[in-house]
Structures are given as structure tokens and as C-alpha cells.
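Quick setup: one chain, the form predicted alone, written in C-alpha cells, and binding and motion questions come after.
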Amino acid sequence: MGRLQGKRVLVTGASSGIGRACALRFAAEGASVAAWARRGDRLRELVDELRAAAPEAEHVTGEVDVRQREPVFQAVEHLVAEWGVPHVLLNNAGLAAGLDPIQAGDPDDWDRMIDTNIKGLLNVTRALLPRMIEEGRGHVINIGSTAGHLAYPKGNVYGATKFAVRALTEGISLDLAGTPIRVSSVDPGMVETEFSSVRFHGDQERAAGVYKGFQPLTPDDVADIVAYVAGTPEHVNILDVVVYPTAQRNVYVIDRKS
């Protein structure tokens, strides 16, 4: 029996990409999954797959926008009352919007990134952490980015949000000293998801060019690592994992074949 068997895991941004892959991986490990996202139609499809992967577990969904603080707190209240306190919180919801120099950036894009990547993470974490502390167990895992380790041209505000996630991971961990609550971050390099399509506001041709000429990570690759981090023994805390595809060595150095 694996260490995730019978655990309850809350995954934000679960309707696609890394979040969806992680939700399915947790279910395959025998965990019960609470999948949160804004797109209800995709959540309904996902919950059927979760139940197929782990029919004995209790999977639930919630149409939750992590940017909205009061609805998040209400959703947590309902989740805890009906399902229980999660053993693991995966703060995955996040996005990039635009790729422009700061002097040409769209402030609406800035707000979307800051409100989702930073405030969304804070909203869910703030709502759940007191309950984890009261229960005397828990694990918060944040999906960061290699953009939180090294800035790149035109990635200004997105990178700033991911540097913030990195700082928050370390800061939250320090705040929880003296408790058994673990805090981790998994920081991927280039992963082929809807990420670039969202960044370029639906421009599929431009998005496809991001991954041209090399093999990027897949959401399943990241899910493997997240599951490993979540499944370590209770006395082990992996604070941060940085993972690149083999063709990528940092945010600038990528071996693209013609």
C-alpha cells in the first residue's frame, strides 16, 4: 500500500494541464481527490476519470475561482464539512498572460497573473492551513516555475509572480516551524500544456512555436514528481524541486533541432 492510499488531496486548477494530470495521478495512487477549477464542464469529465481510476475513493469537484477570497473561504468551509480536511493541498492554479516588455504590457494581464498566481495561492492556503494545523498534519505543495529562479526577457510580471511563489514557499515553511505541516514547491521548466495558448490569448500557431524543435516535459512528467514529493515519509520534506526537459538547461539554453 502506497503512502497516498486513503489520503485526501485538494488540487486547484484541476481542469487541464498539470493540475489534471496530478489529480489523476493522485487517484491512481489511491487518494481521494477534490478537484477545483473554473470550468465546470471539464470538471465533470475529470471526475468520471477519477472515479474510474480509484472507484473506492470519494472524489468531489468544485467550480471555484481562487482569485475570489470570500467564495474560496466558503468553498473550503463546505469542503471540510462534507469531505474532510485535505491531507495535501496542491496549489496549481496559475497562468501567464502576455509576453511584452514592461513598458508595453497590458495592466489587465498583470492583474490576471498577480490575482491568480499569488493571491489565489494565498487565498486557498490561508483558508486551509489553520485546519491542517488543528488536525496536526498536512502538506502544502505549490507549483512554481523555473521563471521563479531566473528572469527572462518579456517575462517580467509572470516571473515576478513565480519569484513570489518561491518566496512564499520558503516563508510559509518558516512560519510553520514547530508544526508537522510540510511545505514544498515543484518548479518545472517548459511543459507542453495550454500555458502558451493562454499566454498568447489563443494564438495557437504562436503557442506551438514555443515547443518547436525539442521534447518538452509533459503534464504527466510533472505529476510523477508531485506524487513523489507528496508520498515521502512524514519526517521528510522536499522544499523545492527544479525540473527541466533534457533539452533545456535553463530558461535561455534550449537545444532546438531544425
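These numbers were taken from a predicted model, which means no experiment stands behind them. Sequential numbering from 1, following the sequence displayed.
There is another form of the same protein, the form predicted in complex with a small molecule; it is not shown, and what comes next is about it.
The stretch that touches the small molecule in the predicted complex, counting heavy atoms within 4.5 Å, is 35-43, out of 22-30, 225-233, 35-43, 49-57.
Contact check for residue 220: no non-hydrogen atom falls within 4.5 Å of the small molecule in the predicted complex. Proximity of residue 237 to the small molecule in the predicted complex falls outside the 4.5 Å heavy atom cutoff. The small molecule in the predicted complex comes within 4.5 Å of no heavy atom belonging to residue 123. In the predicted complex, the small molecule stays beyond 4.5 Å of every heavy atom belonging to residue 10. Taken together, the three residues 64, 67 and 195 all come within 4.5 Å of the small molecule in the predicted complex, as judged by their closest heavy atom. Put simply, of 95, 76, 132, 157 only one has a heavy atom within 4.5 Å of the small molecule in the predicted complex, and it is 95.
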